[in-house]
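This document opens with one chain alone, in C-alpha coordinates, the form predicted alone.
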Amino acid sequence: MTERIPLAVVGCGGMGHRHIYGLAELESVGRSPFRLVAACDLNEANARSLAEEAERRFGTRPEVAGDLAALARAAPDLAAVDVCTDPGHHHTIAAEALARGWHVMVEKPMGLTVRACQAMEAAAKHTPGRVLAVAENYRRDPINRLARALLDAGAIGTPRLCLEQGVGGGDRIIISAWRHQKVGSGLLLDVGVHFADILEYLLGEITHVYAQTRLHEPIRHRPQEDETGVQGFYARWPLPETISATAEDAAYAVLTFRSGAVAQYTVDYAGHGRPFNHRLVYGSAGSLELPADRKGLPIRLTTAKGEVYDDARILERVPGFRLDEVTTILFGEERAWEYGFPFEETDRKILAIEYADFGSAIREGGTPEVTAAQGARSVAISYAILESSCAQQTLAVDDVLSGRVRAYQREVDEYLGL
(Lines give C-alpha, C1' and ligand atoms only; values in the text may rest on other atoms or scores of the structure.)
Protein backbone atom coordinates (compact mmCIF):
# COMPACT_ATOMS: atom_id res chain seq x y z
CA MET A 1 0.00 0.00 0.00
CA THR A 2 1.35 3.45 -0.92
CA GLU A 3 2.15 5.53 2.15
CA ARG A 4 -0.18 8.46 2.72
CA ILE A 5 1.11 12.03 2.44
CA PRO A 6 0.93 13.86 5.80
CA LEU A 7 -1.24 16.95 5.25
CA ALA A 8 -2.28 19.99 7.27
CA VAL A 9 -5.07 22.46 6.59
CA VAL A 10 -3.92 26.03 7.24
CA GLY A 11 -6.88 28.35 7.68
CA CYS A 12 -9.76 26.60 9.41
CA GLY A 13 -12.72 28.88 8.75
CA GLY A 14 -15.52 28.21 6.31
CA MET A 15 -13.34 27.27 3.35
CA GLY A 16 -11.10 25.09 5.49
CA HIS A 17 -14.14 23.16 6.70
CA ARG A 18 -15.39 22.80 3.12
CA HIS A 19 -12.05 21.33 2.15
CA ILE A 20 -12.32 18.77 4.94
CA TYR A 21 -15.65 17.66 3.49
CA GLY A 22 -13.94 17.25 0.11
CA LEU A 23 -11.08 15.25 1.60
CA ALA A 24 -13.59 13.00 3.38
CA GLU A 25 -15.45 12.49 0.10
CA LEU A 26 -12.23 11.30 -1.53
CA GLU A 27 -11.53 9.08 1.46
CA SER A 28 -14.99 7.53 1.19
CA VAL A 29 -14.18 6.13 -2.27
CA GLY A 30 -10.78 4.87 -1.21
CA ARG A 31 -8.75 7.31 -3.32
CA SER A 32 -7.30 9.79 -0.84
CA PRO A 33 -3.51 10.16 -1.08
CA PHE A 34 -3.44 12.17 2.16
CA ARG A 35 -3.41 11.60 5.91
CA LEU A 36 -4.67 14.67 7.76
CA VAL A 37 -2.26 15.28 10.63
CA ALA A 38 -2.88 18.89 11.68
CA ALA A 39 -5.19 21.90 11.64
CA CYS A 40 -3.58 25.34 11.82
CA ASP A 41 -5.21 28.72 12.39
CA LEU A 42 -4.31 31.91 14.27
CA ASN A 43 -7.80 31.57 15.74
CA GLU A 44 -7.27 28.29 17.58
CA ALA A 45 -11.03 27.92 18.15
CA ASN A 46 -11.35 27.50 14.38
CA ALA A 47 -8.51 24.98 14.35
CA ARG A 48 -10.12 23.00 17.16
CA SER A 49 -13.46 23.06 15.33
CA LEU A 50 -11.84 21.66 12.19
CA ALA A 51 -9.97 19.03 14.23
CA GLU A 52 -13.24 17.90 15.80
CA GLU A 53 -14.90 17.73 12.37
CA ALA A 54 -11.96 15.72 11.04
CA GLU A 55 -12.15 13.30 13.95
CA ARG A 56 -15.82 12.67 13.21
CA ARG A 57 -15.10 12.01 9.55
CA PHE A 58 -11.74 10.21 9.67
CA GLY A 59 -11.73 8.61 13.12
CA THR A 60 -8.50 10.29 14.23
CA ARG A 61 -7.98 13.78 15.60
CA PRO A 62 -5.33 15.96 13.92
CA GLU A 63 -2.97 18.13 15.95
CA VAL A 64 -3.90 21.79 16.49
CA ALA A 65 -1.48 24.65 15.91
CA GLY A 66 -1.67 28.44 15.88
CA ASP A 67 1.05 29.21 13.33
CA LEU A 68 3.48 27.47 10.99
CA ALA A 69 6.29 27.23 13.55
CA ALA A 70 3.93 25.49 15.97
CA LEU A 71 2.66 23.37 13.10
CA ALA A 72 6.19 22.15 12.31
CA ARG A 73 6.65 21.14 15.96
CA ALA A 74 3.24 19.47 16.24
CA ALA A 75 3.58 17.51 12.99
CA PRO A 76 7.29 16.83 12.33
CA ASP A 77 6.50 14.48 9.44
CA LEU A 78 4.34 17.04 7.64
CA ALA A 79 4.81 17.03 3.85
CA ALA A 80 1.99 19.20 2.44
CA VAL A 81 -0.31 22.06 3.41
CA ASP A 82 -3.64 23.19 2.05
CA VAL A 83 -3.90 26.96 2.50
CA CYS A 84 -7.48 28.13 3.06
CA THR A 85 -6.89 31.43 4.85
CA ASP A 86 -8.17 34.84 3.75
CA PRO A 87 -6.39 35.71 0.47
CA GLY A 88 -4.23 38.43 2.02
CA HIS A 89 -2.23 35.77 3.87
CA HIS A 90 -1.71 33.38 0.95
CA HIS A 91 1.66 34.71 -0.22
CA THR A 92 3.35 34.80 3.19
CA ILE A 93 2.07 31.39 4.27
CA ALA A 94 2.90 29.75 0.94
CA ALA A 95 6.42 31.20 0.91
CA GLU A 96 7.15 30.04 4.47
CA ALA A 97 5.61 26.63 3.86
CA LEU A 98 7.70 26.11 0.71
CA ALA A 99 10.83 27.22 2.56
CA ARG A 100 10.09 24.56 5.19
CA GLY A 101 10.03 21.98 2.41
CA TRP A 102 6.28 21.44 2.28
CA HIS A 103 4.19 21.09 -0.86
CA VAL A 104 1.47 23.74 -1.08
CA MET A 105 -2.05 23.94 -2.47
CA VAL A 106 -3.55 27.40 -2.07
CA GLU A 107 -7.16 28.40 -2.44
CA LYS A 108 -8.13 30.90 -5.10
CA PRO A 109 -7.47 33.74 -5.63
CA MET A 110 -3.84 32.63 -5.61
CA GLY A 111 -2.76 35.98 -4.15
CA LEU A 112 -4.39 39.24 -3.19
CA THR A 113 -2.49 41.10 -5.95
CA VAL A 114 -0.28 40.24 -8.89
CA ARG A 115 2.77 41.13 -6.78
CA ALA A 116 1.63 38.66 -4.13
CA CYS A 117 1.40 35.96 -6.81
CA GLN A 118 4.87 36.87 -8.04
CA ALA A 119 6.24 36.48 -4.51
CA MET A 120 4.74 32.98 -4.34
CA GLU A 121 6.16 32.03 -7.75
CA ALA A 122 9.60 33.28 -6.68
CA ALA A 123 9.41 31.20 -3.49
CA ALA A 124 8.53 28.12 -5.54
CA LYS A 125 11.54 28.65 -7.82
CA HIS A 126 13.79 28.61 -4.75
CA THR A 127 12.36 25.27 -3.61
CA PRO A 128 12.69 22.90 -6.57
CA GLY A 129 10.77 19.68 -6.25
CA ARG A 130 8.00 21.27 -4.21
CA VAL A 131 4.52 21.50 -5.77
CA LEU A 132 2.65 24.82 -5.72
CA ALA A 133 -0.95 24.25 -6.88
CA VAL A 134 -4.03 26.48 -6.98
CA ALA A 135 -7.39 25.08 -5.85
CA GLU A 136 -9.64 26.24 -8.68
CA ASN A 137 -12.89 24.29 -8.83
CA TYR A 138 -15.14 25.36 -11.72
CA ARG A 139 -13.10 23.63 -14.42
CA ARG A 140 -13.35 20.31 -12.48
CA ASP A 141 -17.13 20.17 -12.98
CA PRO A 142 -17.88 17.21 -15.32
CA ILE A 143 -20.18 19.44 -17.36
CA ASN A 144 -17.36 21.90 -17.99
CA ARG A 145 -15.08 18.98 -18.92
CA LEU A 146 -17.66 17.98 -21.52
CA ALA A 147 -17.95 21.57 -22.76
CA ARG A 148 -14.18 21.71 -23.29
CA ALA A 149 -14.30 18.41 -25.20
CA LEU A 150 -17.10 19.71 -27.44
CA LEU A 151 -15.20 22.92 -28.21
CA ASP A 152 -11.98 21.03 -28.87
CA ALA A 153 -13.84 18.68 -31.22
CA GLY A 154 -15.18 21.62 -33.25
CA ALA A 155 -18.81 20.93 -32.36
CA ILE A 156 -19.65 24.61 -32.96
CA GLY A 157 -16.81 25.36 -35.38
CA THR A 158 -14.42 28.17 -34.50
CA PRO A 159 -15.51 30.05 -31.34
CA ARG A 160 -16.21 33.71 -32.04
CA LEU A 161 -18.23 35.15 -29.17
CA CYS A 162 -18.78 34.25 -25.51
CA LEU A 163 -21.45 35.81 -23.31
CA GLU A 164 -20.47 35.47 -19.63
CA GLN A 165 -23.11 37.20 -17.54
CA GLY A 166 -24.31 37.15 -13.97
CA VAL A 167 -26.57 39.61 -12.16
CA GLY A 168 -27.97 39.46 -8.63
CA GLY A 169 -27.08 40.08 -5.02
CA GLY A 170 -28.89 43.36 -4.43
CA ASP A 171 -27.56 45.06 -1.31
CA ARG A 172 -26.87 41.84 0.62
CA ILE A 173 -23.53 40.75 2.08
CA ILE A 174 -22.31 37.94 -0.17
CA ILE A 175 -20.69 35.05 1.76
CA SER A 176 -18.42 37.15 4.00
CA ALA A 177 -17.70 40.77 4.91
CA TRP A 178 -14.11 40.74 3.64
CA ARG A 179 -15.30 39.93 0.12
CA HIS A 180 -16.63 43.50 -0.03
CA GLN A 181 -13.34 45.14 0.97
CA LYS A 182 -10.70 46.27 -1.53
CA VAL A 183 -7.88 45.15 0.77
CA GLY A 184 -9.69 41.90 1.61
CA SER A 185 -10.38 40.60 -1.92
CA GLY A 186 -13.41 42.26 -3.47
CA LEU A 187 -15.93 40.19 -5.38
CA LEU A 188 -14.50 41.19 -8.76
CA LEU A 189 -11.30 39.43 -7.69
CA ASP A 190 -12.55 36.70 -5.38
CA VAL A 191 -15.25 35.46 -7.76
CA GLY A 192 -13.65 36.95 -10.87
CA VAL A 193 -10.76 34.48 -10.79
CA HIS A 194 -13.30 31.65 -11.22
CA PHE A 195 -14.54 33.22 -14.44
CA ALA A 196 -11.07 34.12 -15.67
CA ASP A 197 -9.96 30.52 -15.22
CA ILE A 198 -13.00 28.88 -16.80
CA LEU A 199 -12.95 31.24 -19.79
CA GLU A 200 -9.29 30.50 -20.46
CA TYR A 201 -9.91 26.78 -19.86
CA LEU A 202 -12.62 26.78 -22.51
CA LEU A 203 -11.35 29.34 -25.02
CA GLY A 204 -7.64 29.90 -24.50
CA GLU A 205 -5.61 32.91 -23.39
CA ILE A 206 -7.22 36.30 -22.83
CA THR A 207 -4.90 39.01 -24.17
CA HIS A 208 -6.74 42.35 -23.80
CA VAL A 209 -9.41 43.84 -21.57
CA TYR A 210 -11.58 46.93 -21.72
CA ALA A 211 -13.91 47.49 -18.76
CA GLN A 212 -16.03 49.80 -16.68
CA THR A 213 -16.51 48.95 -12.99
CA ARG A 214 -18.84 50.34 -10.33
CA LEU A 215 -19.49 50.27 -6.61
CA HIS A 216 -23.28 50.39 -6.64
CA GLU A 217 -24.03 49.35 -3.05
CA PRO A 218 -21.64 50.94 -0.52
CA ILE A 219 -23.78 49.67 2.37
CA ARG A 220 -24.48 45.93 2.51
CA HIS A 221 -26.92 44.08 4.75
CA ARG A 222 -26.99 40.59 6.20
CA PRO A 223 -28.97 38.27 3.86
CA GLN A 224 -32.16 36.64 5.04
CA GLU A 225 -31.86 33.72 2.62
CA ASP A 226 -29.20 31.97 0.55
CA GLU A 227 -29.70 32.03 -3.21
CA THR A 228 -26.47 30.20 -4.05
CA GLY A 229 -26.22 27.27 -1.66
CA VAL A 230 -22.75 28.49 -0.62
CA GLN A 231 -23.71 30.76 2.28
CA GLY A 232 -24.78 27.80 4.40
CA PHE A 233 -21.19 26.56 4.66
CA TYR A 234 -20.39 29.66 6.72
CA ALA A 235 -23.40 29.65 9.04
CA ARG A 236 -21.29 29.09 12.15
CA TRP A 237 -19.58 32.45 11.50
CA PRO A 238 -22.52 34.89 11.63
CA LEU A 239 -22.42 38.04 9.53
CA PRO A 240 -22.87 41.56 10.92
CA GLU A 241 -26.13 43.37 10.31
CA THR A 242 -24.50 45.87 7.94
CA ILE A 243 -21.08 46.64 6.49
CA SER A 244 -19.52 49.48 4.51
CA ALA A 245 -18.19 48.14 1.20
CA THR A 246 -15.02 49.53 -0.37
CA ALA A 247 -14.59 47.14 -3.32
CA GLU A 248 -16.41 47.50 -6.63
CA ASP A 249 -19.39 45.19 -7.04
CA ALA A 250 -20.01 45.33 -10.81
CA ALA A 251 -17.95 44.99 -14.00
CA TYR A 252 -18.98 45.49 -17.63
CA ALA A 253 -16.16 44.36 -19.90
CA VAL A 254 -15.00 43.19 -23.31
CA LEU A 255 -12.32 40.48 -23.24
CA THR A 256 -10.28 39.56 -26.31
CA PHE A 257 -8.74 36.10 -26.71
CA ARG A 258 -5.52 35.26 -28.52
CA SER A 259 -7.64 33.27 -30.99
CA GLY A 260 -9.54 36.41 -31.97
CA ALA A 261 -12.69 35.40 -30.09
CA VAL A 262 -14.36 38.04 -27.92
CA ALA A 263 -16.26 37.76 -24.64
CA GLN A 264 -18.88 40.16 -23.37
CA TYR A 265 -18.34 39.90 -19.63
CA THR A 266 -20.94 41.30 -17.24
CA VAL A 267 -20.99 40.58 -13.53
CA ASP A 268 -23.16 42.71 -11.29
CA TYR A 269 -23.38 41.67 -7.65
CA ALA A 270 -25.68 44.59 -6.89
CA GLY A 271 -28.47 43.55 -9.23
CA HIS A 272 -32.02 43.90 -7.88
CA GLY A 273 -34.95 41.85 -9.13
CA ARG A 274 -34.62 38.55 -10.97
CA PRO A 275 -31.16 36.92 -10.65
CA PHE A 276 -29.60 35.99 -13.97
CA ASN A 277 -26.67 33.77 -14.97
CA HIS A 278 -25.65 32.89 -18.50
CA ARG A 279 -22.66 31.37 -20.31
CA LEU A 280 -23.10 31.01 -24.06
CA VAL A 281 -20.46 30.46 -26.75
CA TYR A 282 -21.18 31.18 -30.44
CA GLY A 283 -19.01 29.67 -33.13
CA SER A 284 -18.83 29.49 -36.91
CA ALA A 285 -21.06 26.39 -36.93
CA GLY A 286 -23.34 26.66 -33.91
CA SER A 287 -23.68 27.65 -30.27
CA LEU A 288 -23.04 26.07 -26.90
CA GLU A 289 -25.14 27.10 -23.90
CA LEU A 290 -23.63 26.04 -20.58
CA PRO A 291 -25.53 25.68 -17.30
CA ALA A 292 -24.48 27.31 -14.04
CA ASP A 293 -21.39 25.70 -12.54
CA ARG A 294 -21.86 22.79 -10.10
CA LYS A 295 -25.55 22.34 -10.96
CA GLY A 296 -25.28 19.23 -13.16
CA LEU A 297 -27.73 20.49 -15.76
CA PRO A 298 -27.19 19.55 -19.41
CA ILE A 299 -25.43 21.60 -22.06
CA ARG A 300 -27.51 22.83 -24.98
CA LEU A 301 -25.76 22.51 -28.35
CA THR A 302 -27.46 24.13 -31.35
CA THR A 303 -25.95 23.61 -34.79
CA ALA A 304 -26.04 26.08 -37.69
CA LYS A 305 -28.73 23.84 -39.22
CA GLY A 306 -30.94 24.26 -36.18
CA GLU A 307 -30.33 20.80 -34.71
CA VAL A 308 -30.50 20.81 -30.90
CA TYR A 309 -28.64 18.42 -28.61
CA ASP A 310 -29.52 18.79 -24.94
CA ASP A 311 -29.68 15.17 -23.83
CA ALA A 312 -27.49 12.05 -23.99
CA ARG A 313 -27.23 12.41 -27.77
CA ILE A 314 -24.72 15.22 -27.22
CA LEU A 315 -22.13 12.54 -26.45
CA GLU A 316 -22.33 11.42 -30.10
CA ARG A 317 -20.48 14.62 -30.98
CA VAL A 318 -17.49 13.62 -28.79
CA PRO A 319 -17.08 9.83 -29.01
CA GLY A 320 -13.64 10.03 -27.37
CA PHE A 321 -14.79 12.01 -24.32
CA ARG A 322 -13.92 10.33 -21.00
CA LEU A 323 -13.64 11.75 -17.52
CA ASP A 324 -10.53 10.90 -15.51
CA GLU A 325 -10.68 7.90 -13.19
CA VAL A 326 -11.22 9.78 -9.91
CA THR A 327 -13.97 12.01 -11.36
CA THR A 328 -15.64 8.95 -12.84
CA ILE A 329 -15.65 7.21 -9.45
CA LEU A 330 -16.99 10.26 -7.64
CA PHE A 331 -19.74 11.08 -10.15
CA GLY A 332 -20.51 7.47 -11.13
CA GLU A 333 -20.27 7.97 -14.89
CA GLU A 334 -17.29 8.05 -17.25
CA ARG A 335 -19.20 10.00 -19.93
CA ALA A 336 -21.39 12.23 -17.78
CA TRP A 337 -23.63 14.72 -19.61
CA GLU A 338 -25.71 15.56 -16.51
CA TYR A 339 -25.86 14.68 -12.80
CA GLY A 340 -28.35 15.19 -10.00
CA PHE A 341 -26.48 15.54 -6.71
CA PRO A 342 -27.43 18.20 -4.13
CA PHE A 343 -25.17 21.25 -4.25
CA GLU A 344 -23.36 20.38 -1.01
CA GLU A 345 -22.46 16.92 -2.33
CA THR A 346 -21.34 18.28 -5.69
CA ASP A 347 -19.14 20.80 -3.88
CA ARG A 348 -17.51 17.99 -1.88
CA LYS A 349 -16.88 15.92 -4.98
CA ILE A 350 -15.22 18.74 -6.89
CA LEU A 351 -13.01 19.63 -3.92
CA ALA A 352 -12.09 15.94 -3.75
CA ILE A 353 -10.89 16.15 -7.36
CA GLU A 354 -8.64 19.07 -6.40
CA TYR A 355 -7.08 16.98 -3.65
CA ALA A 356 -6.61 13.99 -5.96
CA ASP A 357 -4.80 16.19 -8.49
CA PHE A 358 -2.59 17.75 -5.80
CA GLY A 359 -1.67 14.34 -4.42
CA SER A 360 -0.90 12.98 -7.88
CA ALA A 361 1.44 15.90 -8.61
CA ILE A 362 3.31 15.27 -5.34
CA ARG A 363 3.62 11.51 -5.78
CA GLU A 364 4.54 11.57 -9.45
CA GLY A 365 6.71 14.68 -9.35
CA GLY A 366 4.44 16.19 -11.97
CA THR A 367 2.57 19.41 -12.59
CA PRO A 368 -0.82 20.15 -11.01
CA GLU A 369 -3.62 21.01 -13.40
CA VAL A 370 -3.91 24.57 -12.11
CA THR A 371 -0.35 25.79 -11.79
CA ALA A 372 0.95 28.91 -10.09
CA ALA A 373 1.33 30.48 -13.53
CA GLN A 374 -2.34 29.87 -14.33
CA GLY A 375 -3.43 31.05 -10.90
CA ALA A 376 -1.45 34.26 -11.38
CA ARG A 377 -3.04 34.77 -14.82
CA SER A 378 -6.52 34.56 -13.30
CA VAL A 379 -5.58 37.20 -10.73
CA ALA A 380 -4.06 39.40 -13.47
CA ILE A 381 -7.16 39.13 -15.67
CA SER A 382 -9.42 40.05 -12.75
CA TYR A 383 -7.25 43.06 -12.00
CA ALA A 384 -6.98 43.98 -15.68
CA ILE A 385 -10.73 44.64 -15.51
CA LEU A 386 -10.27 46.94 -12.51
CA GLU A 387 -7.12 48.54 -13.92
CA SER A 388 -8.83 49.17 -17.27
CA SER A 389 -11.67 51.02 -15.58
CA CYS A 390 -9.15 53.01 -13.55
CA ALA A 391 -7.10 53.91 -16.66
CA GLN A 392 -10.14 54.34 -18.91
CA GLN A 393 -8.47 52.40 -21.70
CA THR A 394 -7.94 48.94 -23.13
CA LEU A 395 -5.14 47.07 -21.37
CA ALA A 396 -2.99 44.09 -22.28
CA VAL A 397 -3.20 41.31 -19.70
CA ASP A 398 0.59 40.89 -20.03
CA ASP A 399 1.09 44.46 -18.83
CA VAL A 400 -0.87 43.71 -15.67
CA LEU A 401 0.74 40.30 -15.23
CA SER A 402 4.23 41.83 -15.48
CA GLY A 403 3.40 44.59 -13.00
CA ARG A 404 3.86 47.39 -15.51
CA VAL A 405 0.25 48.41 -14.84
CA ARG A 406 -0.79 48.43 -11.17
CA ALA A 407 -2.40 51.79 -10.38
CA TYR A 408 -5.51 50.17 -8.90
CA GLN A 409 -3.49 47.55 -7.00
CA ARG A 410 -0.98 49.99 -5.50
CA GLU A 411 -3.12 50.64 -2.42
CA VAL A 412 -3.53 46.92 -1.79
CA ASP A 413 0.19 46.23 -2.31
CA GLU A 414 1.02 48.96 0.20
CA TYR A 415 -1.42 47.40 2.66
CA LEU A 416 0.39 44.07 2.20
CA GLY A 417 3.84 45.66 2.41
CA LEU A 418 4.70 44.60 -1.15
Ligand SMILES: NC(=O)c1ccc[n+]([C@@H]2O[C@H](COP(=O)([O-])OP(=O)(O)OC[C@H]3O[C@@H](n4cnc5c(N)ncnc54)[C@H](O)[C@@H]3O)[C@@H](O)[C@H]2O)c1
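Here the structure is a predicted model, which means the values were calculated and not measured. Residue positions are given as counts along the sequence shown, with the first one as 1.
The form predicted together with the ligand is left out here; the points below concern that form.
- Using a 4.5 Å cutoff between non-hydrogen atoms, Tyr339 does not count as a contact of the ligand in the predicted bound form.
- For the chain shown alone, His180 is not a contact residue for the ligand in the predicted bound form, no non-hydrogen atom being within 4.5 angstroms.
- Although the partner is absent here, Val29 is not a contact residue: none of its heavy atoms lies within 4.5 angstroms of the ligand in the predicted bound form.
- Of the heavy atoms in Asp86, some are within 4.5 Å of the ligand in the predicted bound form.
- Scanning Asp141, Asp190, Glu164, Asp197 against the ligand in the predicted bound form with a 4.5 Å heavy atom cut-off leaves one residue, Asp190.
- Checking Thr60, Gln392, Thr367, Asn43 for any heavy atom within 4.5 Å of the ligand in the predicted bound form turns up a single hit: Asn43.
- Heavy atoms of every residue among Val10, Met15 and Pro109 are located within 4.5 Å of the ligand in the predicted bound form.
- Look at 306-314, 86-94, 155-163, 124-132: in the predicted bound form, residues with non-hydrogen atoms within 4.5 angstroms of the ligand sit in 86-94.
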